[in-house]
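Starting off, we have a lone chain in the form predicted alone, written out as structure tokens.
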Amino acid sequence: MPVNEFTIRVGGDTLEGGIIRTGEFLAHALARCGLEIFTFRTYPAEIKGGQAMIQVRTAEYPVYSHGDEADILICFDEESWEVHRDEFRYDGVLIHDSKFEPKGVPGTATVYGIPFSEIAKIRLRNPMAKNMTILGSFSALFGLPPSVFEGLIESYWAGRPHIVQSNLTALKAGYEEAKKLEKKDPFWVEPRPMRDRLILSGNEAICYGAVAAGCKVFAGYPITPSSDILEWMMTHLPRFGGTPLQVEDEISAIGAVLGASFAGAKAMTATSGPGFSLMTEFISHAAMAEIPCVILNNQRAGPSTGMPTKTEQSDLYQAVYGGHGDVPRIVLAPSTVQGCFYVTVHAFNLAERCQLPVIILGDQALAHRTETILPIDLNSLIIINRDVYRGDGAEDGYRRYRLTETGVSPMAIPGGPGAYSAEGLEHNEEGHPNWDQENHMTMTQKRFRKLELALRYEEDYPGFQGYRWYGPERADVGVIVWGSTAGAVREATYLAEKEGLSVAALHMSTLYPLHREVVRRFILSMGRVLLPELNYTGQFAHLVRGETGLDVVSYNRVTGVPFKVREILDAIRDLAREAVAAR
């Protein structure tokens, strides 16, 4: 019997309101019942509305992906059934508004038609309460205590008693209506003791990570799917002694970040592909002038405006290669909500340590995903600050770009000892423009030595792992993965092992500079190597081939939604057969 282990999908038109909130309340309620949760959502980009969806997966053990098909599908309207019917398990549970009759439901499915619209619009005269009647019905059908939803309603609308009361009334009405039905399905919730967990989205975790790292200036411009980072920072950063800025465009945002960092403050911006394109010239300047900064790019489907509310991993070329001339930079990619926090902390550490721009590549799925995560031990964090010039040991004068073994030179802060010009022009050690060919070669080598320092970061600070090798040292199939695709790969390799397949995985968090020798060793140790990513051109696969001289099998999707576990598993099975045949 599937107790405390199932996947719920909620779909409907945004004009009805409350589709995403229904899923969010379900996720939080299940977490309050002591369960782990993992969500994924997608929604229209148009103001006129359209179909939105949120999927909630829950279990008593950690889950790493949003799940494949829906065990329980909740449809606000007929169109949502047509949109999601192919993602519905043949033996699942369909809950629909009885204002329509779904067509083509598998005979093995359980169907509950409940008059949600009638209850909300006619009986309660509150059309906006339809989602609360749905939650009440869910509570009655699957055993989730109504008191959990009541607590969520009271805390969410605290201070607005009339809204609290109207939603509680709708919740009760939905509960009583569903109690009239005969339960025919096997799914059930059995509350467990509350776990010591946090519920965060990827964007929230990035904000907390930035604050924990000491971010004092955030500058940004609204853009999906990073706008809620700007909103969070505008509300909360001043509490931590920081300054948030909403500026007129992304060029102004990165300019403000570099100005703040030049003045000595840790600074960050967040954007998506189109905004990141506008920042490219300033990123080149940051590398040349050796100014630390952190740039988050939550990738969405492109090119151009593309599909603003869909997910993709197609900005890797831009992150690694974007810029004129040879531009050193560091590129990191979190894969979990917990990872969003820690990768952001390490991004600031690397920016300060190496005096380089550090780019975090997130994506829409990870940005808006919520997960239950382990509590964060702030006392265990190692926070790095830049090497500041104090005026000591400079008998021959301050040299901002002094040649050093690591490539990093102490940075003077305006108002303190030392003065220099942060030139975008090529310069000598003092910072004065210099176009001598030997000087240009020397300074380029200096800037790129900092990438070697970046690769040694985890040796000095082992809390960060630029890569993780899962599974045996040698296997028939290896999977290299980055970003939010890692969760589906982790589950797929686990299932493959249960089938007796020989498989290992290499999860990369540091994308550039690449841990070249580790990747080479992994590829050479495997019979076949799969590299799945959400882009059309196999961008990380190209980077791996170019850096290692070895081949991998690209597996690419550009549908705007994440990989399913079964898709990765099928690809592993195919390569395993090839590897066995080639022995």
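In this text the structure is predicted, and so the values were computed from the model without any measurement. Start at 1 with the first residue shown and count on from there.
There is another form of this protein, the form predicted together with another copy of the chain, and it is not shown here; the text below is about that form.
- Put simply, Ser65 is far from another copy of the chain in the predicted bound form: not one heavy atom of it is within 4.5 Å.
- For Asp315, a non-hydrogen atom is located within 4.5 Å of another copy of the chain in the predicted bound form, even though that partner is not displayed.
- The shortest heavy atom separation between Gln338 and another copy of the chain in the predicted bound form exceeds 4.5 Å.
- Among residues of the shown chain, Ala571 is not one whose heavy atoms approach another copy of the chain to within 4.5 Å in the predicted bound form.
- Contact with another copy of the chain in the predicted bound form, defined as a heavy atom within 4.5 Å, holds for exactly one of Val518, Ala45, Val553, Ala59, namely Ala45.
- Just one of Asn434, Asn385, Ser117, Thr404 comes within 4.5 Å of another copy of the chain in the predicted bound form, counting any heavy atom, and that one is Asn434.
- Although the partner is absent from the chain shown here, Thr305, Asp326 and Gly549 each have a heavy atom within 4.5 Å of another copy of the chain in the predicted bound form.
- Residues with any non-hydrogen atom within 4.5 angstroms of another copy of the chain in the predicted bound form fall in just one of 170-178, 445-453, 106-114, 464-472: 445-453.
- Although another copy of the chain is not shown here, in the predicted bound form the stretch 244-279 places heavy atoms of Ile251, Gly273, Pro274, Ser277, Leu278 within 4.5 Å of it, in sequence order.
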